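Shown below, as structure tokens, is a lone chain in the form predicted alone; questions about how it binds or moves come after it.
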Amino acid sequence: MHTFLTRGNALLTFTLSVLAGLTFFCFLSTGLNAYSATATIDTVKVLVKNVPDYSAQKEKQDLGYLMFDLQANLNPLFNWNAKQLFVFLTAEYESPDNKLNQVVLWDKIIQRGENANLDMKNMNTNYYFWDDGNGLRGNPNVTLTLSWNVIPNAGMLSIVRGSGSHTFSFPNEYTNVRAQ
């Protein structure tokens, strides 16, 4: 009749087909979720300095410094298909050199099972807020926005921008004091 290898091949092929179908239905069950949440962001301290950036050029460039408060309940974003969240805070602004500037200032990975209720006060940024010129001093329209990637077990990697943002302005004068 059939050899052992033929029967093993048929069993393996059938098993993989069933698993692929189940994975596809796993994706379909959560594929239309909006994954939306509201974030409340506020700036506590805002400074701007003009310092040399030795990593790019030796010319002086603007370096922004800010402390922020952040509140967001991201627990409802988790379902049985969401493995983890990659949460990040971005600053968007316009400068004379560039129409749109986007800088990631802070990020966090939240695994399923961890507390995803963010209530942070007086947080420093994780990354430097460099401008590629002198576009931060006196800039009146810098917008902070919280966004996240939902990393699923099966399906598409979605990027969601949270509702709620905060707009602030940098001071008109450079500071010489060290940021605390």
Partner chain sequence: MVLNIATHMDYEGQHLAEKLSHIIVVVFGVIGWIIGYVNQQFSQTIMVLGVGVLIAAIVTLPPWPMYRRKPLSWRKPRKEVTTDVSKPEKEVVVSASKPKKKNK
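Each form is matched to the other, and the largest set of C-alpha atoms that superpose within 1.5 Å is called the rigid core. None of the values given here were measured: they were computed from a predicted structure. Positions refer to the first chain, counted from 1.
Only in words, not in the display: the form predicted in complex with its partner chain, which the text now covers.
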Considering its partner chain in the model of the complex, which of Ser169, Thr23, Ser158, Ser165 comes within 4.5 Å of it through any heavy atom? Thr23
The one residue among Thr125, Asn149, Thr40, Asn153 placing a heavy atom within 4.5 Å of its partner chain in the model of the complex is Asn153
Arg112, heavy atom within 4.5 angstroms of its partner chain in the model of the complex: yes
Proximity of Thr3 to its partner chain in the model of the complex, heavy atoms at 4.5 Å: yes
Interface membership of Ser29, its partner chain in the model of the complex, 4.5 Å heavy atom rule: yes
When the contact criterion is heavy atoms within 4.5 Å, does Thr90 count as touching its partner chain in the model of the complex? no
Site test, Ala34, Pro96 and Gln102 vs its partner chain in the model of the complex, non-hydrogen atom cutoff 4.5 Å: no
Do any residues of 69-86 have a non-hydrogen atom within 4.5 angstroms of its partner chain in the model of the complex? If so, which ones, in sequence order? Asn79, Trp80
Is the C-alpha displacement of Ser17 equal to or greater than 2 Å between the shown form and the other one once the rigid core has been superposed? yes
